[in-house]
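Below you'll find only one chain, the form predicted on its own, shown as structure tokens.
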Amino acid sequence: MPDYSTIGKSIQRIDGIDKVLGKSQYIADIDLPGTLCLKVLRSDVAHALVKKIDVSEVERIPGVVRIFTHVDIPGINGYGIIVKDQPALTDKVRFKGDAIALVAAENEEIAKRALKLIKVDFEKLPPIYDVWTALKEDAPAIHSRGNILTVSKIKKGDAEAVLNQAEVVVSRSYTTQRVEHCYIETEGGVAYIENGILVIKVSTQNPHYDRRDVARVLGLPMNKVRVIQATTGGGFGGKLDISVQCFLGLAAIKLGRPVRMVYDRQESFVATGKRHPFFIDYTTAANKEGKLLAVKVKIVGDTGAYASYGPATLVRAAVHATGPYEVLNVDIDALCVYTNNPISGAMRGFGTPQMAFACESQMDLLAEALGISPVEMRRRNILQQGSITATGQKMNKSVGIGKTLEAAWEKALQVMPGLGDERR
């Protein structure tokens, strides 16, 4: 057997010793001299135009250094990992939590006081809280492009014809919930100017993409922006999106002083991306021997107010809709839809956990209808070497799910011997 440098060996984590000894510096541990505190005024309405922002009372508070609004954005006021549809500071609110104004103050207490005195005049618009309302032809447009962000399709064979003739057909509708990442460390960062370069040190999973969006929003060349990933206390996909980065950069370049911003838990819940809620209509056909013949699926994903990773999540959902099973006839539609709900973005699994729930539920129901065990239903349909996936990929290399299934089954029998009665 080859002597690999890492495979099969216990490797010490690069950051392990410092974390165990408490030496690692998270954002909350960083305190630069003369640092200003930043706080964001967030909308308490879900859908509205901002007609006027009155900061006259705030400007008289000692210790308030500056208030920023959308008119202070020097570059292109729109960022996003796939679609640049989210403003750093907005004049059109699309969800409860949209950022309207940014306060820079000498300390957190002053900044919080200032937020309470900012007066915003809204022209309220009809909010849309469910995808079915958003999909109606006469629904208010959340974005100028309309409420359907993307449509992804996978077609293989003739699923409709097979479904009409199949011996066993199971149809169900499934819903999955919105999920918060809830990492222990909330979003936060510091920013300062060093040798004419904007430096942002931030809790992030995406420093290179952060740099591009910050430069875009601030109208800076890329070589004038440096983003450093600080020790990050959890992400799970939630820190792939922009959070504090543009706020920090805007205040630092405008004020020439170090700035710091850390979300409290409530702000982290309100303002950051979640796992997409899915609405799934799933129909599966099989013959009497338990062999899958066709799958027809419609998936509608609620991406909330902004795109974030929505388009990629729905593509991944479509690709994984048939699970680890070989199906000859496939008809899958996946829609990514805007609503005035909180933003949905990347989270571990990226659309696949939602589809696994639906697909595996269908397999259990088919097994019940056919009078065979759930494990046997899977054994008869799992991908093997030479199988063709729903997207037309031939599995030329090794496919491990068969061995995995058998190993899991044997382990289950050891724990619950009675399961053996179901093995057929």
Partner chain sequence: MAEFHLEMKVNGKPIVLDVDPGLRLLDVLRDILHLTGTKEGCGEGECGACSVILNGKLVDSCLVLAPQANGQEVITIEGIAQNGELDSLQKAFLEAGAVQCGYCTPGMILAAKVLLDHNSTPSRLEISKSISGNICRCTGYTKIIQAVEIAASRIATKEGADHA
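What you see is a predicted model; the values in this text were computed from it and never measured. Positions refer to the first chain, counted from 1.
There is another form of the same protein, the form predicted in complex with the partner chain; it is not shown, and what comes next is about it.
Does G16 reach the partner chain in the model of the complex, with heavy atoms at most 4.5 Å apart? Output for G16 is yes: heavy atoms within 4.5 Å of the partner chain.
Can you tell me whether D54 touches the partner chain? I mean in the model of the complex, with a 4.5 angstroms heavy atom cut-off. D54: no, not in contact with the partner chain in the model of the complex.
Indicate whether G290 is a 4.5 Å heavy atom neighbour of the partner chain in the model of the complex. The answer is no: G290 has no heavy atom within 4.5 Å of the partner chain.
Please check if E185 has a heavy atom lying within 4.5 Å of any heavy atom of the partner chain in the model of the complex. Flag for E185 set to yes.
When the partner chain is placed as it is in the model of the complex, which of 96-104, 194-202, 233-241, 152-160 ends up with heavy atoms within 4.5 Å of it? Careful reading of the contacts points to 233-241.
Check each of L49, A28, I61, I388 and return the one that places a heavy atom within 4.5 angstroms of the partner chain in the model of the complex. Contact with the partner chain in the model of the complex is made by A28 alone.
Considering K136, R265, K124, K119, which brings a non-hydrogen atom within 4.5 Å of the partner chain in the model of the complex? Selected option: R265.
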